[in-house]
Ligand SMILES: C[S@@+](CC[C@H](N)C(=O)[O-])C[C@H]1O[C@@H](n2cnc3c(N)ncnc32)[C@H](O)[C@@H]1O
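In structure tokens, one chain follows: the form predicted on its own.
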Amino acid sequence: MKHLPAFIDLKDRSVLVVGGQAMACRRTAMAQRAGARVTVVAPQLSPDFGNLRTPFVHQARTFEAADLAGVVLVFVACEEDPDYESRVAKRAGGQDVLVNVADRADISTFIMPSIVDRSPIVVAISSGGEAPILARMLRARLESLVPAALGKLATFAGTYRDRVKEVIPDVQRRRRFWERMAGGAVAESIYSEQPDTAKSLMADMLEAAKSDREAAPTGEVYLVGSGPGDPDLLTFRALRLMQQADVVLHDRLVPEEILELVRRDADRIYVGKKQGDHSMKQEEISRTLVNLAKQGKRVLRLKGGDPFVFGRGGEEIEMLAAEGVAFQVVPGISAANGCAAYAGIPLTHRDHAQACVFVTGHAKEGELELNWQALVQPKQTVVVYMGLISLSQVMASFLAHGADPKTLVAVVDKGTRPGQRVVAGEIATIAQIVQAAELTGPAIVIIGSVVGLREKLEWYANTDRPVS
């Protein structure tokens, strides 16, 4: 081990920063976050310092030895003058003051790690100055794995520390208690901003611990949007919940690449629907969620796109709420947003569309019950979900209600996924073009002049992901 990992208490202690550019500003901000009193020595300061909210002392001159008096550590960031940096570092080292010179581990007595800050939880990663880029890459991965609210959980746990020690004197039992708390419903309640629920669950756990028994596992439902198909579009929270669920109920539109990210030993239940073929009715899906949660299971309801955009997520959580089952909702990138972005079609644009309307092309008893007059408006984009089968009917209705036959239309097939195809045309002819292209879906239909921007803005196209 080349360096000793350590965390230094800087609260109300003096820190010196030598330098006036962006790096010196970042060092100043970091020291301030740790509670230090900061003095910056530099003839001039860059505009970056104007964004700092915490006051600091500025000495508008070059470094002097007297600046080291009473200082705990020194940051030096004067990349434009390496000789000056070396002189400051030598003087600080001669007085046994810790010194860090930006990107110069050879003359520093301590180095700055890459940091994942979930205060009071802080993760520091260092390569000992050998390969900072690897430390930054590792930090980026950890940022996606460590919940943003982990610090809130640590603070919450800290308020119960003495109480838990009093109720559970045995060290091993106490450790198991904290492991259950940090990996269960209490933690999830904190992560989803439900502190009152967390307190209630914690009280139940402590009451069970008093009688030397484990509290019954508390079930919960995670209603998660998996986005339009590309696994890289999943949110951090979605990935975390996918890894801890006991059972997953998934739709037809969730691709195998995303299902592979679910915990390996989780039970899978397919509840997909397509026209004329419902493997499980909606009422049965909602009831299954309730029953599994009441068995103490952590249930992942994984939906394509966003669960609240034509995903019937509202119906499912209505039953959960009525049955008193805990749940949380994790939004996903909607199919409209994802497919439009990957096709190079902005849904709104100052010169083309000041409004965007989402509708479903799913016909009820053969009829499309839509407000066609409201849809046939200038300066507006219309996105039709589930519109591939009813495309001819949708286009005919637009024409019947006064739409310009030359209005542009794009059908995005398998949007964001390998094999994405975009077929474009006009309202009068798009149905025939799509039929000839033999698209298989899932597909999104985008109607409006914004479609004309595709040739200029399209970016998601290569030999493996053809765009027609």
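No experiment lies behind these values; they were computed from the predicted model shown. Numbering starts at 1 and runs along the sequence shown.
This next part talks about the form predicted together with the ligand, which is not shown.
- Checking Ala443, Ala36, Val409, Val422 against the ligand in the predicted bound form, a heavy atom within 4.5 Å turns up for just one residue: Ala443.
- None of Cys339, Leu300, Val74, Val88 but one reaches within 4.5 angstroms of the ligand in the predicted bound form through a heavy atom, and that residue is Cys339.
- When contacts are judged by a 4.5 Å heavy atom cut-off, Thr218 does not count as touching the ligand in the predicted bound form.
- Within 4.5 Å of some heavy atom of the ligand in the predicted bound form lies at least one heavy atom of Gly311.
- The ligand in the predicted bound form is not approached by Ala185, whose heavy atoms all lie more than 4.5 angstroms from it.
- Contact check for Val224: every heavy atom lies farther than 4.5 Å from the ligand in the predicted bound form.
- The stretch that touches the ligand in the predicted bound form, counting heavy atoms within 4.5 Å, is 414 to 422, out of 400 to 408, 414 to 422, 63 to 71, 46 to 54.
- Of the residues in 333 to 347, those that come within 4.5 Å of the ligand in the predicted bound form through at least one heavy atom are, in sequence order, Ser334, Ala335, Cys339.
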